[in-house]
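Below, in structure tokens: the form predicted alone, a single chain.
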């Protein structure tokens, strides 16, 4: 970030050339484009690029960066520049950034804040992790229920410059209890002598200790610009804006997608992650899946005699376990997503499992009907019948497990996305093979 109060520190020619190059690259870009560009480079170049930004632009860009990149930039900056940048952040952005920092660094950064900003930030840090209290802004303009529209507008003009948003105004009564909300637009088109209570709407509120994803969905589902955040007695504590809500949902969806795909979330732009970071994000799940895949080997070993008698059975093993794994992954992904957006609740588990079991059976019947004749031409009618029956049973089992496991995870307090599709796929592989060989023994009389 450009420091206008002190002369720049001496830099060698190569660094000066890189600064000039970055200045040319970033000059025509707006804030989202600069954020994207910084996310595509390594930490050293990112720090150099950030230095060429003006003070105000640097703050805007910094606020939009992922917390991991923010942390790296702070570590690369001088203490005075760090303190200035940290002071300029909104309290909710500070609270999120501090979650990523070691305790010693947190203490140092907080000590550099003014007393007022430190108080706002530590108040937010006092709420549980992942609660909306950590993401709300305490800098909110409210109006009293007894005020007129003219008085409300005058109050907004006096205090609006320091507020997170002025487009949705909480209306408070005795003890700062929220009794309604009113939009700035409604105030502007209403006569000044009209009471605020005559134009306000019933409030949609969220408790400060509520999960941030739930609060974000409240904002999205109600099409709101912001929602008041209150305590257990409906007293106003802050406001949760739509831009913060969308960031929460984006991060949650990114995390769920990674976990469902059998990988740890990167929590930063892909190109800013080193090769070792990519390996660390994936290796743990791969080790789990390798162990799980050993079940498939044990099943094949157990039915070795059956395979020796009818070698043709082995030809269809990849087709069968691939079909079952894909069906289970489809069900798991669908159910996890439905649970994440609130379409499915843990109390709905019987309906979900029944629907997926029937869906799997129908899918199996359709696939069996399509594949029966080609399989018979290739391997004979008996093998084709074994394959057709197995596909029906395996698809039914796979979709049932794909629905059941995430529901069980939610009921015991685990993140359903952690029960990823690859894990379900591997589990279905082993059980699918058992079904296949048991059907073969029954139909072929082995």
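Numbering follows the first chain given and starts at 1. Please read these numbers as outputs of a predicted model, since none were measured by experiment.
Another form, the form predicted together with a further copy of the same chain, is not on view; read the next lines as being about it.
_Partner-proximal stretch of 114-122, 176-184, 71-79, 200-208 relative to a further copy of the same chain in the predicted bound form, 4.5 angstroms, heavy atom_ = Result of the contact check: 176-184.
*Using 4.5 Å between non-hydrogen atoms, is residue 106 touching a further copy of the same chain in the predicted bound form?*
Result no; residue 106 lies far from a further copy of the same chain in the predicted bound form.
*Is there a non-hydrogen atom of residue 127 within 4.5 angstroms of a non-hydrogen atom of a further copy of the same chain in the predicted bound form?*
Residue-level check for residue 127: no, no contact with a further copy of the same chain.
*asked:* in the predicted bound form, is there a heavy atom of a further copy of the same chain that lies within 4.5 Å of any heavy atom of residue 138, even though the partner is absent here?
replied: Contact with a further copy of the same chain, no.
*asked:* Can you tell me if residue 269 lies within 4.5 angstroms of a further copy of the same chain in the predicted bound form, counting non-hydrogen atoms only?
replied: Answer yes; at least one heavy atom of residue 269 falls within 4.5 Å of a further copy of the same chain in the predicted bound form.
_in the predicted bound form, the residue from 334, 148, 96, 131 that sits within 4.5 Å of a further copy of the same chain by heavy atoms_ = When a further copy of the same chain is considered in the predicted bound form, the option within 4.5 Å is 334.
*101, 237, 156, 83 - the one with a heavy atom within 4.5 Å of a further copy of the same chain in the predicted bound form*: None of the others qualify; the residue that does is 156.
*asked:* With the partner left out here, which residues of 333-365 have a non-hydrogen atom within 4.5 Å of a further copy of the same chain in the predicted bound form?
replied: The stretch touches the partner through 333, 334, 335, 337, 338, 341, 343, 344, 348, 351, 352, 355, 356, 358, 359, 362, 363.
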